[in-house]
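First comes one chain, alone, set out as structure tokens in the form predicted alone.
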């Protein structure tokens, strides 16, 4: 066993680099959160004054206040912290469905939505997207799928899940329309906001949401693993049901512990404290969402000046996560020693990271939180790389 490999751990990405990684932009910590992480880095650091056996009820530091304030921020009624958005989805499904039930979900859903269903022994029926190049979800298809499920099984689906912003194309789905359909049919509605809440305004009640799942480390400037499960008064007692088990010999019980959260949310230190420290900035930053989208649209317009480059998904983009087809770079990769890795190295030379190593035929990136100057630098870098490899670039408009 070589323990030396665990010494002097470094990420390999310098702080001066511009990071375009789609899953990381919304999770960049604020300065306040970085301080909090150092202060609360020890495992159970939040639990010094835990008197009620649950981290969400701790008052010093003010975790209980944070729960209430996040519920208000999302216009929901009750909030718990989870080990990521995927845990929140699993928990909601686990508490409101039965094994063998059918749920309806969008065909752009994150893989963890499928696995959460599988782990809960649920059947899934997909709402198809409209295919290349937009890949959009028609909300009305939820009604059609609800009726299809009812015809086949004799009952409506146990749950509907919509991915508010999909991780492949950055399309913003019409959650309010799906929420309205769910209310009309009486189907509980779970909205995955891993790429929306925390960076753009979200009003759960206006969207007709019963369960809202969020990712702290993707979109709330928090350290991983950090998730949020929010719900309404109508569902709170069922979703956050408390333990009733008793030891048959000892008689031990755990009546304050919540079943779906394994008793106490597993975010006892740095994750919840980084979320707390970033929360004031998050409340402010969602008000600037339109400016963020404008930056992404600018970058898309500049990259499409490169011959053969095409933005996929809805145009102009409505989100900062943007996907591109880049066949000319793929052709270049066939002529270089580094093959598809040439783009990764070309960008790294320019102190840009986040485009997945080996990707050249298509890739996605995220401009969230970058200044306009940084976005312009990124656009110029891609154009320089194209020109250096003999790819035509159109005039700026």
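Positions refer to the first chain, counted from 1. In this text, all values refer to a predicted model and were calculated from it rather than measured experimentally.
Beyond what is shown, the protein has a form predicted together with another copy of the chain; the following relates to that form.
Visitor: What I'd like checked is whether 38, 225 and 341 together line another copy of the chain in the model of the complex, meaning each has a non-hydrogen atom within 4.5 Å of it.
Guide: Checking in the model of the complex: 38, 225 and 341 are all within 4.5 Å of another copy of the chain.
Visitor: Exactly one residue in 347, 66, 58, 332 has a non-hydrogen atom within 4.5 Å of another copy of the chain in the model of the complex; which is it?
Guide: The residue in contact is 66.
Visitor: State the residue from 140, 153, 243, 301 whose non-hydrogen atoms include one within 4.5 Å of another copy of the chain in the model of the complex.
Guide: For this set of options, the contacting one is 243.
Visitor: Within 4.5 Å of another copy of the chain in the model of the complex, counting heavy atoms only, one of 230-238, 318-326, 181-189, 90-98 shows up; tell me which.
Guide: Within 4.5 Å of the partner lies stretch 90-98.
Visitor: Is there a heavy atom of residue 201 no more than 4.5 Å from a heavy atom of another copy of the chain in the model of the complex?
Guide: Outside the cut-off, so no.
Visitor: Taking any heavy atom pair closer than or equal to 4.5 Å as contact, tell me whether residue 118 reaches another copy of the chain in the model of the complex.
Guide: So residue 118 counts as contacting another copy of the chain.
Visitor: Does another copy of the chain get within 4.5 angstroms of any non-hydrogen atom of residue 285 in the model of the complex?
Guide: Residue 285 lies outside the contact set for another copy of the chain.
Visitor: Do residue 252 and another copy of the chain share at least one heavy atom pair within 4.5 Å in the model of the complex?
Guide: Looking in the model of the complex, residue contacts with another copy of the chain include residue 252, since a heavy atom lies within 4.5 Å.
Visitor: Does any residue in 69-88 get within 4.5 Å of another copy of the chain in the model of the complex, counting heavy atoms only, and if so which ones?
Guide: In sequence order, 69, 72, 73, 83, 86, 87 come within 4.5 Å of the partner.
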